[in-house]
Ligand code: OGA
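The chain below stands alone, shown as structure tokens; this is the form predicted on its own.
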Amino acid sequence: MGRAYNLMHLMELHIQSNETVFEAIVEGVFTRGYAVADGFLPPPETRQIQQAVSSHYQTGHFNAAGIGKGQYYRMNQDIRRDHIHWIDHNSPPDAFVLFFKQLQGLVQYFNRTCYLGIRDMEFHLAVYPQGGFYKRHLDVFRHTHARKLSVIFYLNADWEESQGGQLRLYLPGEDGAEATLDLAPIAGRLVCFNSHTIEHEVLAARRERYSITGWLKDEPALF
């Protein structure tokens, strides 16, 4: 009986802890347009994901990324130089199960507290090789506005400022001026921001840079 109580108590603490993180993300998105949550997953699980992404990358499962979609898709290495591998969030490899479970909890929290109407998501693994970058852009396509929130989860242990690779957000500043915020891609950090309003870029990385990158959408994928 005591053990059962302890397990139930731990589960309640975990739910409360998650909801504290979720609430901070929601508040940040709706007050500033973006939120940063460090420690979104515990370090062991974050390392496990990084190792899985690295293994996929080293065995050639990634492709050079392009820009646009459908008839507008094209390759342009003057704009971006990263490699990606799309991942099925409905049936992810074992290393990614906890991440997507946590993310589903965040989606449910957004929908329950803000009536955001998130109905689907799409995610890929991303690797920026040394020298990789992505110039300033928005995350919405010209022919569809289904993406509502951009989400990035970083996997880079012991990242140093001198290694570059920061996510730069372009934000409204005082008196109509533009401000920028640079966020280091440190392991365990999740960044969430409005896909329609916040332009951003990835500064050139001086070592391989790993992340899971994707979007929360208000319409289901079409097959």
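From 1 onward, residues are counted along the sequence shown. None of these values were measured; they are calculated from a predicted model.
Below, we turn to the form predicted in complex with the ligand, even though it does not appear here.
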item: 4.5 Å heavy atom contact, L149 and the ligand in the predicted complex; value: no
item: Partner proximity in the predicted complex: Y134 to the ligand, non-hydrogen atom cutoff 4.5 Å; value: yes
item: V29 within 4.5 Å of the ligand in the predicted complex, heavy atoms; value: no
item: V53, heavy atom within 4.5 angstroms of the ligand in the predicted complex; value: no
item: Answer option from A187, A35, I49, L167, heavy atom within 4.5 Å of the ligand in the predicted complex; value: L167
item: Candidate site F110, R119 and N194: all three near the ligand in the predicted complex by heavy atom within 4.5 Å; value: no
item: Proximity to the ligand in the predicted complex (heavy atom, within 4.5 Å), stretch among 151 to 159, 55 to 63, 37 to 45, 173 to 181; value: 151 to 159
item: Partner contacts in the predicted complex for 77 to 92 (non-hydrogen atom within 4.5 angstroms of the ligand); value: R80
